[in-house]
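Consider the single chain below, provided in structure tokens and representing the form predicted on its own.
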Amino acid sequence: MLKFILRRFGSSFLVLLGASLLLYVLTINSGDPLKDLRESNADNREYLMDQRVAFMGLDEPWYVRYWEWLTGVGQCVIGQCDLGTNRSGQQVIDLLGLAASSTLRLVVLATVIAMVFGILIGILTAIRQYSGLDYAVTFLTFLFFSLPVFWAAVLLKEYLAIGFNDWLVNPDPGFSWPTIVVVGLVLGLALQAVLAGNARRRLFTFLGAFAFTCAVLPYMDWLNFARYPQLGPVVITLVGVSAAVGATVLGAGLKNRRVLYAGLVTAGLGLVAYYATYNLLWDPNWLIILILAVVAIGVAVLVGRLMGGYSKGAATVVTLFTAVIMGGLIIVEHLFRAWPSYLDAVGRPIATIGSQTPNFTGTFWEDFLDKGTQLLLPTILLALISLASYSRYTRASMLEVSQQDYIRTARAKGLNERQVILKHAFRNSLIPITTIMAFDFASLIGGAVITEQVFGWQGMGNLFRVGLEQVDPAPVMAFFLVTGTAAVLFNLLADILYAVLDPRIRV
């Protein structure tokens, strides 16, 4: 494996070197970097031209400038990267740091959301092949995949930002009964399609979801939940227990009491943590959040290993999942607590432009909300587009694997359907999906150009676009350095994961 990794690094280096040379030549020959100054009537035009020539090194041959850039990149090995300056004299390494942090914040979240939900939807549609749910999901995924990014972004701005803000600006925002009925019907139809079963079970599922919606939404209106949201210990406990039971059902089955009890104990410890950390999390910092997360993971692993018995592996997975859910709920509770003061500060919370509110100052949670709401629309857009790919590839891979002999053998041995799907079919179907994961992350970094333009994000896409428009190779090459390296590294990671997922693969 070490020899394989070294060979891949060597070949990848040559690929990146050749691609960088080609991109540099194409960029510098795409226009005149002094065009705007040549057409200027400013008195100091000659001075400005001389200054730009000095910043961009235009008085040197192109191959000398490329070699200087390559030398600066090589200094990254010793932690002294020098990516040159743009045509205004700004250090590109500083611009790259700001742009990369902005884009990665967007891309990582969108990729994780698309990956989790896309794989779950793919598994579900593969199990329910040619059902009404399968046809509906297929239609929606192809619709999302085909949406023009700029058009979908405008729709999100109109309905999820402007429309929501207009609704929320009311002193007592609430749902009308026609809206409640429509939401109940949609939720009921979706839930009965997912849970399936005979006609009687589908009818009870539909009626239960409809009645639940008609009861909960008016109750939320009575609480003025839109402006003063809250969870409370009761809701946190119920969701945590449900997460523990659900994870046990999927991971080991309810008959395995050790695993179930481990998950329930973790949910109970999460409730204790809710009270124990309340004052500590009133206005924390990221270091405190990180320390608490590490402690929560450690406690969850310890509970799983001590209480799991012969199923300690499955118990550890269940306790970790429950701990993550409980930790997330505690964070959501503190965000809810900060929501009213954040609304008073910004007025219209769902932004359509930028990655954060200019000159906004507030508590840790208010700042978290500000960056989170700015992240909401572009994340939804990128996740919807990527979700289609993950769901379709997962479905196709699951259907192919389900026809294999070892799946038939697993059923013949008496394994229940949960074990057949999760432990045999799903793991083997992950091999082609791993390739999609690797390339999707790198492509999203480069493919967020339009999204960042529409939403006004100063990220990698904007850095690349401005560099091309100004015929400035330094920002363009910085963009290539990040996206090209990401593509190579994630492709290598995918190859390594093949051997982890399937021991039959040897390189």
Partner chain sequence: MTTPSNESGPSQQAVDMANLAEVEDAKLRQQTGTSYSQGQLVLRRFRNHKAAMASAVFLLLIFLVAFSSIGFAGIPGWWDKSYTAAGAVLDGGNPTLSVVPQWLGGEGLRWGEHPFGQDTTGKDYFALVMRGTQQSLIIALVVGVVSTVIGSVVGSIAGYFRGWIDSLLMRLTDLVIVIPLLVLAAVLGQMSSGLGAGILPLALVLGLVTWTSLARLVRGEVLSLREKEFVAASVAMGAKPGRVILRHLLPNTVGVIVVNATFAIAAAILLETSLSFLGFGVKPPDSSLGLLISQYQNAFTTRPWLFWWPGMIILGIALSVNFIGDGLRDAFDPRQGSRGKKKSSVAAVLGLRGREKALDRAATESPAGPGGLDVQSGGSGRLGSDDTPEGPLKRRRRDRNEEEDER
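Residue numbers count along the first chain shown, from 1. On a predicted model such as this, the values are computed, not experimentally measured, just so you know.
A second form of this protein, the form predicted together with its partner chain, is not displayed here; the remarks below concern that form.
Problem set entry | Site test, Cys76, Arg105 and Leu369 vs its partner chain in the predicted complex, non-hydrogen atom cutoff 4.5 Å | No: no residue has a heavy atom within 4.5 Å of the partner.
Exercise. With its partner chain left out of view, which of Phe321, Phe144, Phe225, Tyr261 would have a heavy atom within 4.5 Å of it in the predicted complex?
Worked result: By the 4.5 Å criterion, the partner-contacting residue is Phe144.
Exercise. Taking its partner chain in the predicted complex as the reference, which of Glu68, Asp59, Glu469, Asp50 has a non-hydrogen atom within 4.5 Å?
Worked result: Going through each option in turn, the one that passes is Glu469.
Exercise. Counting only non-hydrogen atoms and a 4.5 angstroms cut-off, does Ser30 reach its partner chain in the predicted complex?
Worked result: Flag for Ser30 set to yes.
Problem set entry | Interface membership of Val154, its partner chain in the predicted complex, 4.5 Å heavy atom rule | Yes, Val154 sits close enough to its partner chain in the predicted complex that at least one of its heavy atoms falls within 4.5 Å.
Exercise. Is Ala54 a contact residue for its partner chain in the predicted complex, using a 4.5 Å heavy atom cut-off?
Worked result: So Ala54 does not count as contacting its partner chain.
Exercise. Even though its partner chain is not shown here, does Pro148 get within 4.5 Å of it in the predicted complex, heavy atoms only?
Worked result: Yes, Pro148 sits close enough to its partner chain in the predicted complex that at least one of its heavy atoms falls within 4.5 Å.
Problem set entry | Which of 431-439, 79-87, 117-125, 302-310 lines the interface with its partner chain in the predicted complex (heavy atom within 4.5 Å) | Stretch 431-439 is the one.
Exercise. Taking heavy atoms and a 4.5 Å limit, what residues of 474-495 are near its partner chain in the predicted complex?
Worked result: The stretch 474-495, when checked against its partner chain in the predicted complex, contributes Phe479, Phe480, Thr483, Gly484, Ala487, Val488, Asn491, Ala494, Asp495 at the 4.5 Å heavy-atom cut-off.
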